[in-house]
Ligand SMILES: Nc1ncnc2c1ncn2[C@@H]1O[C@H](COP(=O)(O)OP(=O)(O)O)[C@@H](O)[C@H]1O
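In structure tokens, the next block holds one chain alone, the form predicted alone.
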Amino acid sequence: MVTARTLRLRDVRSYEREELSLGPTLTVIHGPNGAGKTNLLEALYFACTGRSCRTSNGREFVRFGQSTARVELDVEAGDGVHELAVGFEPGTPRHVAADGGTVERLADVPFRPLACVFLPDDLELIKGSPGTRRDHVDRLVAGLWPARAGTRAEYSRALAQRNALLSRIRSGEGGRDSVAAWDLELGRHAIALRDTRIEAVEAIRGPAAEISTDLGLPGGLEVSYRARSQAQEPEEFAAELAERLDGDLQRGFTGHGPHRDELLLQRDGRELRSYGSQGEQRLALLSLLLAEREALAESRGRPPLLLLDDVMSELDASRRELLVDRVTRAGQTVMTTTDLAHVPLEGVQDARTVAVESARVVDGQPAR
């Protein structure tokens, strides 16, 4: 078990300096809109992963007028208390330290907490493009099996090379016969990527259905992976590409393969992005996240730190109770809310509440 204990941050978003103590089960950060609650979740995620969960523009993470940001996280593991530290200056590599010693990657630190995060904008996973959902599955793969994290990159490189070859053929700089060798190479990586994604989706399919039913999603959440290719060998995939070569040459890019696959999120056989209400989509996303947490806990031997931003605002009282019961069964959770009364804490052991105002922690205490 790995438990985050204390977060310290400097020049992060709206915060100059702050310290946040966390409960071992559930920590509820509460305060008005704009108080800085989400910024604390982002800092926690950054301490665990070395990246923001909200933006790809690093400049936004650093407090206005400052050039660097720093987060430190005290972590309790089986062998004692450790410290993670991540220093960040936009445009330069992150400086990562574990117990005072520099490390190249946070992922290599054995006591680094895993992290799962829910943000209101994450509904784009359901509402957005298939590419958004493919990227999500690939991040899940990397979390479940770090050794397979490079599968997507290997496929992307082979795909880029084939597309470049198609472009040369279109411009008269090459012949069609030269494509066959690249088709076999692409097939090898395509099958590996597709099968790894299918395995990851299978790991969460059952738990997602069960959790969504527990949380009251009518019809339950159905998660499945729709693959373009059914090929079992690289030669079979290459034959599929050969059948589509005329179309690929006309378009100038490869139109067949796992880069066109889809993660399906459905309820009663209908896609949630088209037929689900905002509330149903929110429940589905929560169910997906909690299912991934269970799969990661089983695969990696410890549950991830669960970060939930404004998750209670669109849930009724019964679903709030169900959610708190679910997230506190195992692992550690930090959630934000504008109204502490929205989080039913009765019976939750070792919970902690933290009040935030104007980018300051004004009160933190065990929940009564």
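Basically, rigid core = biggest C-alpha set you can superpose within 1.5 Å across the two forms. Quick note: we count residues from 1 along the sequence shown, nothing fancier. In this text, all values refer to a predicted model and were calculated from it rather than measured experimentally.
Note that the form predicted together with the named molecule isn't included here; everything after this is about it.
A.B. asks: Given a 4.5 Å cut-off on heavy atoms, tell me which of 35-43, 327-335, 298-306, 311-319 is the interface stretch with the named molecule in the predicted bound form.
C.D. replies: That would be 35-43.
A.B. asks: I'd like to check something about residue 14: if you look in the predicted bound form, is any of its heavy atoms closer than or equal to 4.5 Å to a heavy atom of the named molecule?
C.D. replies: Residue 14 belongs to the contact set for the named molecule.
A.B. asks: Though only this chain appears here, would residue 62 touch the named molecule in the predicted bound form if you measure heavy atom gaps against 4.5 Å?
C.D. replies: Within the cut-off, so yes.
A.B. asks: Taking heavy atoms only, is residue 54 within 4.5 angstroms of the named molecule in the predicted bound form?
C.D. replies: Yes.
A.B. asks: Answer yes if the CA of residue 121 moves 2 Å or more between the shown form and the other one after aligning the rigid core, and no otherwise.
C.D. replies: Yes.
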